[in-house]
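First, one chain by itself: the form predicted alone, in structure tokens.
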């Protein structure tokens, strides 16, 4: 398993590095432009005229008068979610379903390594990618705030907790993407199921934020725990959410490994 994991991780590192660098680049870009917004009332005037529901969707429920509020609204409410979603959905599908479709899985199964170990190694590669991207984002954000907005306050510990929760949320997304990849009939089906479920979670999150009468539906969304402004303000139940998310990821990955071990394959 260790040889397979090392080999697959080396192959995946270039792609992971591209996602991590892209994430840090966009984060630095937003940090770099913030000082020009900080001295202007335009953004805050615009926010004051928007409906409360739309402010929650945009990530500005607590305003945008600080660097943390600006990043929560401009970066973590969409760009961060989009980059990590693309990574986990594409990579999670390629690590299993793609190998089955193109016949490469037959070569792996011909080795003396068990199916369980093959699936576990692939899952670990996927999770390592999420950890690397999240770690780069955390370090990049703290360094970027120091370099490009030294006079602005970014609460370091709250920023770390925000990225920890974000990492765990996408570990869950990665886990169900890997589950579909391990069990679906083909690569297209696996990608479709993962994408539809992720969009459904995001749609429930947006719908719950837009309407107070439908606020309850947001609790059905995985993304409900990732409230960037609240986390950066030091609010939320980080420990409880972290344990729940980690547990959900482990259960889904366990199901993927067990299901792949029992799956009938025609290779």
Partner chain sequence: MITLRGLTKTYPGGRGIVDVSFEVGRGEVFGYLGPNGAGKSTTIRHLMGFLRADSGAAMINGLDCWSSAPKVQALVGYLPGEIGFPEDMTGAELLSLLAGMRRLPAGSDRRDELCSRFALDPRGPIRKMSKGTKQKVALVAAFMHTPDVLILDEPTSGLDPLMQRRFLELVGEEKRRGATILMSSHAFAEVERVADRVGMLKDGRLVAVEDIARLRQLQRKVFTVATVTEEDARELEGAGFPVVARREREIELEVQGDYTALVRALARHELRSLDVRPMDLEQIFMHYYGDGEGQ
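Note that the structure is a prediction, hence the values are computed from the model and not measured. Numbering follows the first chain given and starts at 1.
There is another form of this protein, the form predicted in complex with the partner chain, and it is not shown here; the text below is about that form.
- Checked against the partner chain in the predicted complex, the candidates 83, 90, 108, 193 yield a single residue with a heavy atom inside 4.5 Å, and that residue is 108.
- Listed residues 149, 172, 95, 118 were compared with the partner chain in the predicted complex; 118 is the one with a heavy atom within 4.5 Å.
- Using a 4.5 angstroms threshold between heavy atoms, residue 11 counts as touching the partner chain in the predicted complex.
- Among heavy atoms of residue 135, none comes within 4.5 Å of the partner chain in the predicted complex.
- Residue 139 falls outside the set of residues with a heavy atom inside 4.5 Å of the partner chain in the predicted complex.
- Within 4.5 Å of any heavy atom of the partner chain in the predicted complex lies no heavy atom of residue 127.
- Residue heavy atoms within 4.5 Å of the partner chain in the predicted complex occur in exactly one stretch of 98-106, 175-183, 69-77, 161-169, and that stretch is 98-106.
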